[in-house]
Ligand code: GLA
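Let's start with one chain on its own, the form predicted alone, as structure tokens.
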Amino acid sequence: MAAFRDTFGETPQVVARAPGRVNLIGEHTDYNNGFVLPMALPFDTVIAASPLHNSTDDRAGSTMEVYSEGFGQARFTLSDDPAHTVTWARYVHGTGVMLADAGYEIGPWRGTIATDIPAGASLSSSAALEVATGLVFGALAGIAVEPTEMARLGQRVENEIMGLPSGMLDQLASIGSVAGHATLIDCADLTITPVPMPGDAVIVVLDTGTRRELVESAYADRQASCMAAARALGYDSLRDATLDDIERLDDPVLQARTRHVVTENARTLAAVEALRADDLSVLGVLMNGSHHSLQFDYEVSGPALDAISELARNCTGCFGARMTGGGFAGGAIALVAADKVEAFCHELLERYEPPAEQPPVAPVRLYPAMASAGAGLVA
């Protein structure tokens, strides 16, 4: 709010926040209509905003002003093509365009954006920005956008404007999480089930300092492979595939991709049961298995993610560790006993040596985190 007052000389009418997320398990299963288990993080994107005017006239033609604490200024109208807007602001611009395209009567506003979500660390800073933006548009227009619909519109921003064929995991986790709980999402029907997190363990986010652009990676190729495998098996998606189906595929690459999706769905459901039973050892084994599958069957890990995950498993108090997010670079997570977090972090930072073939471009950082609440209006 202070940044808004400093910039515009008045108090904002609306303040919205949306958290980043980390995926505990269930990687690359969302666009296969499978199961995912993310949790919201205690890192937020916050937008303070006020409408440009009270008139409903010329909503699309009025110039919006958006100031980002870390990225500068952007100006655009909702009738402009978001492709011509500066990259970071395309998420804001695109969310407005998608809301309008879906028939919502929204108007222009001016606002300031601040975030403490580490960018590029696979913590879904872009989804948080989309969700917070959607809340601002809705609040200023006096309309309520159903959470699943808001997540779907955020997905459209990623798919149609940013060029990333992603699922809805990130947006649903940001908007639908419950404090103290992970969020089981069935991506076939988009149902959300809170799952209590144990109080005697902490998720430590391991930011390797490496960065990648998903659009430039093999992410789209993985999705295409899954679609090809599903077609070959006669399914709408690999959600319906079984281990027995793998032998029906002639292509060894499609076999490996299918094996990952099938086993990852099973691991995710098993992880839910492990959480409910407060069985941290089983959960750690499942996390380790997920990383192995992502590394060898889905082939979306990377040297830094492999190195930091392997080291984490051998540090004090760690039950298991795996890469998280789209892969190739970015972040991993470790499940650590709550009373051993300080020792774990000290030991890992002391022993971790970035691989020469994938040096970091940002500092290596560790973020112990508890499961936080989903998005909402602050004021």
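These numbers were taken from a predicted model, which means no experiment stands behind them. When you see a residue number, it is the position in the sequence shown, counting from 1.
There is another form of the same protein, the form predicted in complex with this ligand; it is not shown, and what comes next is about it.
- Only one segment in the set 313 to 321, 28 to 36, 44 to 52, 337 to 345 has residues whose heavy atoms sit within 4.5 Å of this ligand in the predicted complex; it is 28 to 36.
- Of the residues given (I117, L129, C226, L169), L169 alone sits with a heavy atom within 4.5 Å of this ligand in the predicted complex.
- For the chain shown alone, Y219 is a contact residue for this ligand in the predicted complex, at least one non-hydrogen atom being within 4.5 angstroms.
- In the predicted complex, this ligand lies farther than 4.5 Å from every heavy atom of G331.
- In the predicted complex, the residues of 304 to 327 lying within 4.5 Å of this ligand by at least one heavy atom are, in order, G325, G326.
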